[in-house]
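Consider the single chain below, provided in structure tokens and representing the form predicted on its own.
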Amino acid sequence: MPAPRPTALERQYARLGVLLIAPTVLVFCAVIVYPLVSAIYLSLFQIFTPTLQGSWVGLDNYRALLARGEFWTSLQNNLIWTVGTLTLQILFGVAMALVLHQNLWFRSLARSLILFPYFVSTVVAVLVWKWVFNDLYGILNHFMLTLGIIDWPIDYLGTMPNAMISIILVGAWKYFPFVVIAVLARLQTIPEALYEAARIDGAGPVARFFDITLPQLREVLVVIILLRAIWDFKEFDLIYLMTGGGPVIATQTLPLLVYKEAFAVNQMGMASAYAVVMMAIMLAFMIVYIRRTRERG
């Protein structure tokens, strides 16, 4: 049987739906589709940033990119930064969520204060931590010298591996409250009857954590890890303000390399090629995340 023709009211609702969704589609195209297509297009040219004039080079930018040691060093730094800070975020976040889930008299205040690092401005946080890590007048060196732990001030941000360890610690401190919020929300939905049954069976705190709590947190932890991996992989401002990618390029990640190529070397075409490669790597994380969320649904 042929499909029934839409009525005048249905056609009117269809037009109204198109009008309502049109602004969202336009904004989506303006802020996502257009920059994405432009980056891919520019990556095929050798372009001088101030004038945006250049010549077609095809895939030469990608060939040069893969042959440059700076790219592989930045990618390695990116992975070290992402894995390091993500691991500490998960460990600190889960531990703090477990503490705040207990019936403590200062629990409400602690839950409010724990969000402070996540909501404070990155610029303010970096200024405070750079003062803490300063090798001449930093409070950390002063404290360690006073206690006799060290005999000479340590250069935390100017030497390796101190610089990488420092930015990983600051990144973990800045973003672990996100893990606390998500894990704490999941902890509050775990039935207390499961823990009561485990206590009756003689399970201790460690056994209850690995047999009940951790399996219950597995799904939310997978989503947290995927989201934080995506966000940490593209982190720019914290690393740029802390070390600027130094010493030399020892803490330079791919976002910093894109910025350097575009605005320091003035090679917008090569910067676009780096951005496209970085986008392809992040796309892999996004695919995994989308699949996981669909499975949960």
Partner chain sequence: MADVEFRKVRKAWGKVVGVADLDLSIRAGEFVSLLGPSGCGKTTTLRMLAGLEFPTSGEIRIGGRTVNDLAPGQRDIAMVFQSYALYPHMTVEENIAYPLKKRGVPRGERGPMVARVAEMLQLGPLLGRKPRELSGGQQQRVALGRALVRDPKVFLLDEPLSNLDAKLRGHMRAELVELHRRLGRTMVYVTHDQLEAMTMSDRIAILEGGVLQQFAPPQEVYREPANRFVAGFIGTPSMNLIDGQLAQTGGRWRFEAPGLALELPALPPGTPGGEACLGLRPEHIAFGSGPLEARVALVEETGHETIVVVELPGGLRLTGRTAPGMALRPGEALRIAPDAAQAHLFAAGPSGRRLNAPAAGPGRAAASVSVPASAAHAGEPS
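Quick caveat: nothing in here was measured; it's all calculated off a predicted structure. Residue numbers count along the first chain shown, from 1.
Not pictured, yet referred to below: the form predicted in complex with its partner chain.
Proximity to its partner chain in the model of the complex holds for none of 22, 30 and 32, with the criterion being a heavy atom within 4.5 Å. Residue contact with its partner chain in the model of the complex: residue 148 places no heavy atom within 4.5 Å of it. At a distance threshold of 4.5 angstroms between non-hydrogen atoms, residue 158 is out of contact with its partner chain in the model of the complex. The shortest heavy atom separation between residue 142 and its partner chain in the model of the complex exceeds 4.5 Å.
Its partner chain in the model of the complex is approached by residue 199, whose closest heavy atom lies within 4.5 angstroms of it. Checking 126, 88, 212, 164 for any heavy atom within 4.5 Å of its partner chain in the model of the complex turns up a single hit: 212. Here is the short version: of 207, 79, 110, 95, the single residue with a heavy atom within 4.5 Å of its partner chain in the model of the complex is 207. Segments offered: 111 to 119, 214 to 222, 67 to 75, 164 to 172. Contacting its partner chain in the model of the complex at heavy atom distances within 4.5 Å is 214 to 222.
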